[in-house]
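The same protein chain appears twice below, in two forms, each given on its own as structure tokens and labelled structure 1 and structure 2.
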Structure 1
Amino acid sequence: MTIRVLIVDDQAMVRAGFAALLAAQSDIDVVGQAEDGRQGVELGRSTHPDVVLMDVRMPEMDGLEAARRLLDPPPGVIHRPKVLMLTTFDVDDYVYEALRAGASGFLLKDAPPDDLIAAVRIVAAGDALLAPSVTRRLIADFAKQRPAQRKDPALKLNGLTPREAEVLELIARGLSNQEIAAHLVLAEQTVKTHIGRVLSKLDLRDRAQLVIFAYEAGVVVPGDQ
């Protein structure tokens, strides 16, 4: 099964170079070339490639927007190619935008030719890959973003009992004492008692600070309801 590749880049030389390089591979077919984002989206729709090599900086419509359009599910269009972003310099804003848009990879154009070929195969297989410098940033960001949560979050919870931890989580979900009581089938006073102990154990003042603690400690995580 050959891999169908679409090349989108505003520089003719670059297009030609990549096309020659990839077409020389027995398992890769270059099914089209586009010189700006708009044309790239069009060709992407009509030639349904497996992989789109997309330059970031282009006239008319940049690679980011083109990638979004190809990767977003526009009603009616079924086909969804993998997108491999290419750039001359590595500007992290672009990287994050592209990854958020659903790109499968991000490579620098100065990478060895073999890397490009390998990248196309990896992406076609459903995996992903990034230039080393990009990987470094992504990891750093990832590690910084949520450094808390060790394996057993209970350990971070200065000796909270299971029940107390449960109450803490409900507070972090925004419930009132009454609602928590209803939820756990308890008297409201019991809930208060638990909260009081949690506050003292964690050395905090009120439920607002409990919510903060819950997020910082990873008891709850942004974006999971």
Structure 2
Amino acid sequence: MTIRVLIVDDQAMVRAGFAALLAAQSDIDVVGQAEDGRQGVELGRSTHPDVVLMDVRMPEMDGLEAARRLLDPPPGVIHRPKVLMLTTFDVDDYVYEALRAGASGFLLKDAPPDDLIAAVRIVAAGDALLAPSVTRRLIADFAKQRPAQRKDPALKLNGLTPREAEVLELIARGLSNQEIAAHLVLAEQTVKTHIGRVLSKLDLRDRAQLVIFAYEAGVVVPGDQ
């Protein structure tokens, strides 16, 4: 299956470089490029990309607002792509808010080319890009600043089984499915089943939102890892 990618960045050289790199992959098709968030939303609606590479800071409309519009479209708009945020900063409030809005993760702009290609494939497959330690640090830092938000999310934990709650905690601590399986002595497919059930019960989209939920619900306390 070919992965359709839209690149949204206000720097022409960045767009061109990313486009050339991704278009050289046999399984990736760059379907459009936009120079600001507003144009990105318009192209996202018309080209139906699988993955949108979204710069955080842009004129006209920033990446956060553009991500929100793509991930929470108005009535009648069915297509909702995966959004991967691009940033030059390790910790960025915009990125945290984008993850809360449903973005599938973030990548530093100066990441190696192979990381960019892998990121697109990971996000297209429905996984969140949460491997870098800076992502966990970002989420922990900003969750720590928002303790008042934890009451309502905590109530939803009552619907999880003890095993599902355990899986949620390990996800929030940054463990991969394979690591969770080894820790709990389960088959990796069983872990995936548990994650699917947790997502369904909590009405969340992906692993990125699970991590944020876990911090806001107090499942994991920032700094206790």
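When a residue number appears, read it as a position in the sequence of structure 1, where counting begins at 1. Keep in mind it's a predicted model, so treat the numbers as computed, not measured. Rigid core here is just the name for the largest C-alpha set that superposes within 1.5 Å across the two forms.
- Here the chain taken from the form predicted in complex with the DNA appears as structure 1, while structure 2 comes from elsewhere.
- After superposition on the rigid core, the Cα atom of Q11 is displaced by less than 2 Å between the two structures.
- For A67, a C-alpha deviation below 2 angstroms is recorded between the two structures after rigid-core alignment.
- With the core superposed, S200 shows a C-alpha displacement of at least 2 Å between the two structures.
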